[in-house]
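Coming up, as structure tokens: structure 1 and structure 2, two forms of one and the same protein chain.
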Structure 1
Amino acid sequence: MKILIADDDHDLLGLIGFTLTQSGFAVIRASDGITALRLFSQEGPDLVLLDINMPGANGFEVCARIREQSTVPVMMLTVRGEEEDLVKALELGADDYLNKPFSPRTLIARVKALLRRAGLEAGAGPIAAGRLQLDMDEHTVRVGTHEPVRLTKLEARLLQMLLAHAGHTISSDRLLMQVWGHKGAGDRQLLKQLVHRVRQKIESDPSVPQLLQTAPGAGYKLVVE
């Protein structure tokens, strides 16, 4: 699970990074808004922590830019306590808001709660639906009584989203944003290739998929018994 932290307070940036790393998260650091946007595009993090007061582009601007291309969870960090800042952050698409100073335990609890709400909780153990069981810690999937099969990170993220909404069609755009953190006209072919690879690992006959089905013109659906 990868988290992008953007804050121009280098001491706090280091402390937050250390706290998250100790809790098992991969951390990407940025000390200004422009760098945060560049790293967001390059790294595709699972969650973003944004300080409001940053040079280059403030947290509000970064949040707005992120929301133009992704639904990744965003938490705002600020020393301010004014209600207008909270309202503005939420209107721009932020998912949560944490005032400084905060304890490491509070930060981790809020981060895990936000990931849980987004269906991305780390270390939550196996996720199961029907005959499928996904282990996000080990990046493996088991079908029925068969041996677990190793998945790539992208394959695991795709299956995680489908399992969380088993039985329901998920649009291609939503899957693209969940797996890669962005969407684009050319990315649908990447998604098709990823779906193809996953079918090779979970279907008894990938040419006639029974579990991971295509909903023509809509997206994909995981069918479970």
Structure 2
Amino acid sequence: MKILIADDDHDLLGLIGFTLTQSGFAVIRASDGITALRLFSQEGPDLVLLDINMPGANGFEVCARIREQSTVPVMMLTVRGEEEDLVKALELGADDYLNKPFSPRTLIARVKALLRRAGLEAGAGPIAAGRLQLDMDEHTVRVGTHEPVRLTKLEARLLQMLLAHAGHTISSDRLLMQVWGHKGAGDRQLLKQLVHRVRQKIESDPSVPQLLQTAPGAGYKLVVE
């Protein structure tokens, strides 16, 4: 599990890096925003820790840029009391924040919680629910005993979200956010299309969905018998 840390405070960078390494994470360090963005594209980390005050490009800019291309979990490091910064960060799509100063214990707990929420903790191997088996590595689903079906990136991500909460309805807004990131918020058409395409692939009769059902006015859910 790779984590990118960006902070211009060298001591803090060292401390955070050490703490995370001790807990078994692979750590990538950046001491300014530009470097952070370069390393992000280059390394594709599973989680990003951003200080707001940085030279080069500040935390907001980096967060916004990352959100343009990815839905990776982002945690911001904030200075206690800077309310405006905090709200701005959350609205830009940051998933959580951590007030400085913080204890290593807190850091680990929050990082783990965030990874868990993003459904990334388990890692390898296919996830299953009911008659569905999703393999995120191969980008395939298998329905019952049928042959595995190839999925596109977005289709896989949608199914991942639905599968992670199998049996429960997930709101359209939430799906939009999780699949497309911050930018996609509000565009229902995207979701309509994606659902349509996924149904073509996994339903035996796409016009009468048995697995990926609509909860009118609410969202979609994966039915597991």
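Numbering for residues begins at 1 and runs along the sequence of structure 1. Rigid core here is just the name for the largest C-alpha set that superposes within 1.5 Å across the two forms. Computed from a predicted model, the values in this text were never measured in an experiment.
A.B. asks: The form predicted in complex with the DNA: 1 or 2?
C.D. replies: Answer 2, the form predicted in complex with the DNA.
A.B. asks: Core-aligned, does R199 move its Cα 2 Å or more between the two structures?
C.D. replies: Yes: R199 shifts by at least 2 Å between the two structures.
A.B. asks: Once you overlay the rigid core, does the Cα of L98 travel 2 Å or further between the two structures?
C.D. replies: It does not reach a 2 Å shift.
A.B. asks: Rigid core superposed, CA of R65 - does it shift 2 Å or more between the two structures?
C.D. replies: Comparing the forms between the two structures, which are aligned on their rigid core, R65 does not shift its C-alpha by 2 Å or more.
A.B. asks: Could you tell me how many Å the Cα atom of A215 shifts between the two structures when the rigid core is held superposed?
C.D. replies: So the C-alpha of this residue moves 20.2 Å.
A.B. asks: Let me know the CA shift of A164 between the two structures in Å, rounded to one decimal, core fitted.
C.D. replies: Its C-alpha moves by 3.9 Å once the cores are overlaid.
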